[in-house]
Ligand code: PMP
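A single chain comes next, written as structure tokens; it is the form predicted alone.
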Amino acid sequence: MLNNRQLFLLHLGQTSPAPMMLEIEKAEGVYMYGPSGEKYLDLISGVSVSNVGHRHPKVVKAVKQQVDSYLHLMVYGEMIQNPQVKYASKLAGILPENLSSIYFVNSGSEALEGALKLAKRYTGRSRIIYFTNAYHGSTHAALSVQGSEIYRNAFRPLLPDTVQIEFNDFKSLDTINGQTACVIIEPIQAEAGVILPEEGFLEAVRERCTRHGALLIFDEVQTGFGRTGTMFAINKYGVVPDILILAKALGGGMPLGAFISSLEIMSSLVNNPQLGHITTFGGHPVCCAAGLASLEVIIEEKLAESCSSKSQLFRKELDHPLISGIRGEGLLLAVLVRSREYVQYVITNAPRYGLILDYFLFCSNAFRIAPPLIISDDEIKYGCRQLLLLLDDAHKNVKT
């Protein structure tokens, strides 16, 4: 009889030739547990998903209560469902006034698809501008605005009339003109290794879009919900987009995405044609109940506000000859090391030290630290001690 490891490889579509292959039986708080009692400190939050940790009691309670009421009822947008209405109202209440109309979908990639369609429909234009080393998902349209050729070339032809420009290059913003439907940007580039915008850059993008009637789309899939020290990066930088994309932590551990705009802009999907964007499971009531509970935890426990001191503690504790720098904001950090060989060794061997770490797609000389926002100072110190031992191990065993 085949074991779970064999069945995993046989029946689940694989994304890489060397998956992590960790079997997890339970997860709670900032830890994951294997079937034989193995304990792993989660330092990546499922890639910025589990901001309130695994199985937060308030999130679990909300899920159970909603399951007892109803699951799927009808395709999105046809029936008034209490979890959707309550969550959308809560989000609108903490976002800038023009971001008041929420369209729930299933994932960040689908939110990206909807946002691009919305921008083209509202402006009547087709040109989309995006940035080097940007990551917005893996569907065809998302690949079309991905700022790296590594994952794109095998799937061409992609969406036409897309133009790539340089992140943090003010001169390249001259490309935005009267033919531009939208500019899509991560306010902080995550998969590039947590690249921050230079002072005034986001403001310059906003000004150029406004001048030429192009819509500005912010992708906050990874930066949202307290991750960088404010609820959203738009709060940190004071630049308000026309469309906001959310996912990952939006669902509190459940699959949920959204694109958000003004009622005027969003209304352009209603006519010519009707049903301009359709989703069956978007805004699933259980996902919305979980997401609302998670958001309330972030607000009530002031998790965003605690990110700065926790970020500083990581930076203080991670002092090692292999570390050349730490880049990032809040609890979205890129730990830079001497070579990609060290990165590979550290991530591959992290479970032996009771840690879960991860790569960046477009930054080979850094590994990711993005733990649940509930992580305590003691847990940070423990994780850093283990990581320093792992780096010592790498220093001894890696040949570069």
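Just so you know, these numbers come straight off a predicted model, no measurement behind them. In case it trips you up, residue 1 is the first one in the sequence shown, and so on.
The same protein has a further form, the form predicted in complex with the ligand, not shown here; the description that follows concerns it.
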The stretch from 131 to 139, 201 to 209, 229 to 237, 92 to 100 that lies within 4.5 Å of the ligand in the predicted bound form, judged by heavy atoms, is 131 to 139
In this chain shown alone, the residue from 109, 123, 164, 84 with a heavy atom within 4.5 Å of the ligand in the predicted bound form is 109
Students should find that, of 146, 222, 294, 261, the residue having a non-hydrogen atom no more than 4.5 angstroms from the ligand in the predicted bound form is 222
### Query
Given that the partner is absent here, does residue 284 sit within 4.5 Å of the ligand in the predicted bound form, heavy atoms only?
no
Consider residue 242 of the chain shown here, and say whether it contacts the ligand in the predicted bound form, taking contact as heavy atoms within 4.5 Å. no
Residues in 168 to 186 that come within 4.5 Å of the ligand in the predicted bound form by at least one heavy atom, in order, are 186
